[in-house]
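The chain below stands alone and is given in structure tokens; this is the form predicted alone.
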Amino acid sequence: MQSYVSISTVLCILGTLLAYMAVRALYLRYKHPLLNIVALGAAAVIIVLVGFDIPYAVYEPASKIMTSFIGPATVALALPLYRYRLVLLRYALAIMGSVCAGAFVAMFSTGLMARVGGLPQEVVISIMPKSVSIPFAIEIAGMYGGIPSLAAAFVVATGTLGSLIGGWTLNLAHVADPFARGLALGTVSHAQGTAAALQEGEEQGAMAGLALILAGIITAALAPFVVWLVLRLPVLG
């Protein structure tokens, strides 16, 4: 039995890598914003699992092994950050200001819309930290009365949507500066936005990695005030 589990885990990892490499090859060939590597790669894996009636319990060990590399991959973002350290120092105030504004707007606007939509308070709190990475989001949701597992789901949905349409939206807004594009993608769409930014270029990826880290810290710092503000605003209905 142990041998079967090990073989299935290896096959799941190889299948996931194959899906990633196939979608990445398509993206590199056509450079179309809808050819999102993360979203389409995940969709390919899901289609295979459903098509062959493979239960998630079989795929889960492979998932745990692959997600264990998220930490080292995040730390590896320090390399492009170091490479652009002088630029970061020169524009430190603008970077901090933009990430602070993005973190506040992401939390406040989402919480306000959730309240206007009549969602229960625990759901409102769970959706507010949707733009930061999962470790930050589940802690914030848990501390202020939200549901950590639901917060994690909102984070994944936000990252997928942001990585799908984030670059396209920036194109519509005529945002061409690589630093601005990276900061926007990393602030709004955390790790998945950072992956999308890395597809655009090293400068965008470095800025997105910085924004990913700063947005998590700033969102955690702003959470007490923003949660308090959203829950006390009068809402018609």
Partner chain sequence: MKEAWKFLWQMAILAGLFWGSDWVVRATGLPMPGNVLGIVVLFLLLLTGIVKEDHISTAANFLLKHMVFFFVPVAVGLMQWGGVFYDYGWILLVAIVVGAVLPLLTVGLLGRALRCRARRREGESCNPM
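Residue numbers count along the first chain shown, from 1. Everything numeric in this text was worked out from a predicted model, so none of it was measured.
One more form of this protein should be noted, the form predicted in complex with its partner chain, which is absent from this view; the next part is about it.
- Across the proposed site, Thr219, Leu222 and Val227 without exception lack any heavy atom within 4.5 Å of its partner chain in the predicted complex.
- Using a 4.5 Å cutoff between non-hydrogen atoms, Gly146 does not count as a contact of its partner chain in the predicted complex.
- Taking non-hydrogen atoms only, Tyr56 approaches its partner chain to within 4.5 angstroms in the predicted complex.
- With a 4.5 Å cutoff on heavy atoms, Leu49 counts as touching its partner chain in the predicted complex.
- A residue is said to contact a partner when one of its heavy atoms sits within 4.5 Å of a partner heavy atom; Glu200 fails this definition for its partner chain in the predicted complex, lying far away.
- Along 168-206, these residues reach a heavy atom to within 4.5 Å of its partner chain in the predicted complex: Thr169, Leu170, Ala173, His174, Val175, Ala176, Asp177, Phe179, Ala180, Leu183, Ala184, Leu185, Thr187, Val188, Ala191, Gln192, Thr194, Ala195, Ala196, Leu198, Gln199, Glu203.
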